[in-house]
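For reference, the chain that follows is the form predicted alone, supplied as structure tokens.
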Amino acid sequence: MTTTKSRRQAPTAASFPTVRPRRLRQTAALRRLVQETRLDHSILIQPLFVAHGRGLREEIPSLPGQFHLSPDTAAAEARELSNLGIPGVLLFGLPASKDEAGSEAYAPQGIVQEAVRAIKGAAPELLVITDVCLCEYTSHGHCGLLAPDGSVDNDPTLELIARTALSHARAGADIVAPSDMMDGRVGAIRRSLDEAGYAGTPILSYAAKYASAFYGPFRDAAGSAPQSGDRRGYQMDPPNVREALREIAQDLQEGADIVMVKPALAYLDVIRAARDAFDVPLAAYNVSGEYAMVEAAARQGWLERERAIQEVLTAIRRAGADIIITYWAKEIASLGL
């Protein structure tokens, strides 16, 4: 009895040239024609940091190329972004003063509220997304009210988070984006908006926000570092993926319209898992530390800056993100991509 073992045959001299993947890699035009993932500025959102004052445009040392802007200069920047075809901005505020309850976060004349009005007046077609959190506004730097033991008190915080989102919507924000990671905050915001007549205002939830080491430059830029402890008690633990899917499912059940994974580059597997599990708009935040690493290495001549930027953003897109929040949005649009 004889047996025939099935095996892959080595290419023969006659067959080998018929399959040559390199044929489609010979020119830039060919590579563009067959590329599987396309990156363009129409899916990019530019973060902006706004502060009180007038005529302010001060570069942020830890985020080279990014600036602290007053409402008037933010409005001018918004017009430029709109003209470049960037669809929207994400606003972060630096308050005039801080207190235990982060009261400027939900004050009608708070910095984000002022900036929203200025930007919508200058570029009405630009989407204005507002970050909804208390960490920039509290004297202790945490994302909610503190309990006597120093922990963040989840349930009383929900009322203030909902008040903040509603104040942003009243100022004219197109989308509110809660980033605090309190349990139940999406539902609290949705109820508050609906009851006040803002049922049409979407919620972009930071649904899977990790307690990451990559937020350092942002915390410097926003003045939002906690004065004691850290945020691991309410932000997600980096080793967990299944938990991220549960967080996303819960936020969708509570009324989120768009969900986000943050950070992006170090969590491409989470973006892909979310893309496979949920058929909803998915955002990813290419955070400050990811930006700063590339910028610092490029300044040392250790990598090709423009290629690295495009590779990073393409990877995030390839992982499954529909929307990318990135400090490079303006630059990508300026390059005509």
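Position 1 is the first residue in the sequence shown; the rest follow in order. All of these numbers come straight from a predicted model, not from anything done at the bench.
Beyond the structure shown, there is the form predicted together with a small molecule, which is absent from this document and is the topic of what follows.
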Within a 4.5 Å heavy atom cut-off, is R190 in contact with the small molecule in the predicted complex?
no
Answer for D131 alone: is it within 4.5 Å of the small molecule in the predicted complex, judged on heavy atom distances?
yes
Contact flag, Y206 vs the small molecule in the predicted complex, heavy atom cut 4.5 Å
yes
Is there any non-hydrogen atom of I175 lying within 4.5 Å of the small molecule in the predicted complex?
no
Just to confirm the contact call: exactly one of 158-166, 228-236, 112-120, 193-201 touches the small molecule in the predicted complex at a 4.5 Å heavy atom cutoff, so which is it?
228-236
Give a yes or no on whether every one of C135, Y215 and S288 sits within 4.5 angstroms of the small molecule in the predicted complex by heavy atom.
yes
Heavy atom within 4.5 Å of the small molecule in the predicted complex: which of V186, A74, C143, V89 fits that? Just give me the one.
C143
